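Given as structure tokens, the chain that follows is alone and in the form predicted alone.
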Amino acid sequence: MTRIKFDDQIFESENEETVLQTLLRNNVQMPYGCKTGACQCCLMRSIDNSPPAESQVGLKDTQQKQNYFLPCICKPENDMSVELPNTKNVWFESDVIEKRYLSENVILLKLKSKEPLAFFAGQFVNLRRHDGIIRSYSISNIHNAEHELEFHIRILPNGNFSRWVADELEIGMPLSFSHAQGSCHYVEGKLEQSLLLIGTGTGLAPLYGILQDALFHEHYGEIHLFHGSRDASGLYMENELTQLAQKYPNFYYTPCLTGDNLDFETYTKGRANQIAFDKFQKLNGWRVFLCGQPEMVLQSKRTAYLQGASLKEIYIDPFSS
């Protein structure tokens, strides 16, 4: 029996168990995909010694020399201390592979990384322009074998970075990004738990990723998404979310508008957070995700707690654009 040290915790592996199986069995949240070593989404690094050679099959020579390995196919021969990659202040390279408007002022930007990634849908990365200008954006897709990242970029009238994305960034151009950060993401292990997702504007981006992750893991507890905007143009993924609600009986989508003279037979009138908390006044045992305008997020965190949600079960991502 060997021991695996990760994030200052030590776990004992069982006979013929891989490193990934050991960590998942102990409720450690890990990014992973195929579990066969093909997609490399679960890439890790051995800190104290070289990992088994068979766990490095398919990795670049530079990665092998730095003791990177694939925990999904690594059956440890000795005790190991391991860590996720991309945890230092380094930059990674990608190419723009898609850019299209989701609405008149929101662009879907898709990047393809030049190396395997470790991230959770809903986390954020820093994007860096060629001249050093940096902006943070949340990841709106789940991890995949193609090592792609998707973002919802709101085009601000005087936005130095976002206007550049709209006017100058083209498919095929390079773009640097940082490692993924943040704790606002789906957590496995409670498939029956009710989830409440509340967002405004492009706060939908991390929520859309979290929703996809939950559905990917066959979450069967109720999932309620409330997305708020002033007018209908701000509900930029209305069709996609409506289709998901029709496909999955446990997913409910409520588009909310605060403007006047609107079609309130289709939409719910009012602020998304107020509508959600009026509908669900007892949140004991729920998991709550709050993303978007900072004042809304912080106010909603307090309300969710007062209505029974545990602080440990409230995840926030406040941003203004």
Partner chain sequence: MTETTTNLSLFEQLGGEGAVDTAVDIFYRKVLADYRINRFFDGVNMDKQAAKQKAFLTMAFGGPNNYSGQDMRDGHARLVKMGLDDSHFDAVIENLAATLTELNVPAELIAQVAALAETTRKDVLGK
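We call the rigid core whatever largest set of C-alpha positions still superposes within 1.5 Å between the two forms. Positions refer to the first chain, counted from 1. Computed from a predicted structure; not experimentally measured.
Omitted from view is the form predicted together with the partner chain, to which the following refers.
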Give a yes or no for Cys34: in the model of the complex, does one of its heavy atoms lie within 4.5 Å of a heavy atom belonging to the partner chain?
yes
Can you check whether Gln9 is within 4.5 Å of the partner chain in the model of the complex, heavy atom basis?
no
In the model of the complex, does Val57 come within 4.5 Å of the partner chain, counting heavy atoms only?
yes
Can you tell me if Ala38 lies within 4.5 angstroms of the partner chain in the model of the complex, counting non-hydrogen atoms only?
yes
Stretch 290-315 - residues with a heavy atom within 4.5 Å of the partner chain in the model of the complex
Lys301, Arg302, Tyr305, Leu306, Gly308, Ala309, Ser310, Leu311
Could you check whether the CA atom of Leu290 moves 2 Å or more between this form and the one not shown, using the rigid core for the fit?
no
Is Lys35 displaced by at least 2 Å at its C-alpha between this form and the one not shown when the rigid core is overlaid?
yes
Would you tell me if Ile155 moves between this form and the one not shown by 2 Å or more at its C-alpha, with the rigid core held superposed?
no
Based on a C-alpha change of 3 angstroms or more, tell me if Leu20 and His143 lie closer or farther in the model of the complex than in the shown form.
farther
Do Lys60 and Ile139 move together or apart in the model of the complex, judged by C-alpha distance changing 3 Å or more?
closer
